[in-house]
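Next up: just one chain, as structure tokens, the form predicted on its own.
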Amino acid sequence: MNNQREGSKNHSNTEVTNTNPWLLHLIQIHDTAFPTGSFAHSFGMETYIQEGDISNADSLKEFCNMYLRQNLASTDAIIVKEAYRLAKENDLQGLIRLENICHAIKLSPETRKGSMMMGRQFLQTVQPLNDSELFTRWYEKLKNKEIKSHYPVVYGIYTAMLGVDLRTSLETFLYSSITSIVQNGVRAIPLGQNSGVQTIFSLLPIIQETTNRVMTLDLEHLDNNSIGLEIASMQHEFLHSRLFIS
């Protein structure tokens, strides 16, 4: 009897603490083993590494700081936020227009291609896990080659359909983008795993600060002002040897 009471008490505790049913799945889609293909893209960082501008943990952190504040905050993170809003409003035409904008602001062909490759891989992987009408229609449009499926747009739609709150959606998008860059930097420079862990840890306050900033922005603030990064990405395809696709 005592065991039954204890079991009932434990069951009750589990129900009380399970306030975010999407939390574990959110962790799952950001696991390094989840097949988005992010391990294959440096988005221009490899050019800086080969030119010697990124050669240690400090210069990797400096690059990630710039990537967060000057690139993601004024481009992809705003796209995620807008896709989230449009998905909540079930505005399919608005999402198609947003994706065209996302395609246009990516100046480097490799960066544009990398965003589409990750978006398609992510969409094809998670589509069987979500039966919402909007997400299914987005997947059908990919199969019919009517959309390009950029990753920030798909991510915004998917997290909105999961019921994730907007702030968490933005914060996890920025976190996963930076962890992928750091992990790829650790492989390419190369650095020890501890240096990678410490670099990511040191960037966590900047991720939160950037999230706060993006929460106040909208499409009118969309601005690709990372000219050096775009040029590095354009130069990447002409490197003698390459570890990454972009």
Partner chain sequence: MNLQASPNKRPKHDGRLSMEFQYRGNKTVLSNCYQNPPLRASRPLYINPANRSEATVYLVETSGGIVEGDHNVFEIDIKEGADVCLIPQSATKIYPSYNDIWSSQNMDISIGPKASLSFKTEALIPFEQARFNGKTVIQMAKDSTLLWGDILSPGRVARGEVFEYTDVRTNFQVWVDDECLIYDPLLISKDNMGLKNMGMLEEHLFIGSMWFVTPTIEDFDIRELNERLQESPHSKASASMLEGKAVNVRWLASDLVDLKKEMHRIWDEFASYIV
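Quick caveat: nothing in here was measured; it's all calculated off a predicted structure. Positions refer to the first chain, counted from 1.
This protein has a second form, the form predicted together with its partner chain, left out of what is shown; the following refers to that one.
Shown alone here, Pro109 lies within 4.5 Å of its partner chain in the predicted complex, counting heavy atoms only.
Within 4.5 Å of some heavy atom of its partner chain in the predicted complex lies at least one heavy atom of Glu62. Looking at Ala104, you'd find a heavy atom of it within 4.5 angstroms of its partner chain in the predicted complex. Put simply, Ile54 is close to its partner chain in the predicted complex: some heavy atom of it is within 4.5 Å.
Between 133-141, 81-89, 153-161, 95-103, the stretch whose residues reach within 4.5 angstroms of its partner chain in the predicted complex through a non-hydrogen atom is 95-103. Distance criterion of 4.5 Å from any heavy atom to its partner chain in the predicted complex singles out Gln70 from the list Ser202, Gln183, Ser195, Gln70.
Although the partner is absent from the chain shown here, none of Ser38, Gly114 and Phe122 has a heavy atom within 4.5 Å of its partner chain in the predicted complex. In the predicted complex, its partner chain lies within 4.5 angstroms of at least one heavy atom of each of the following residues of 200-230: Glu220, His221, Leu222, Asp223, Asn224, Asn225, Ser226, Ile227, Gly228, Leu229, Glu230, in sequence order.
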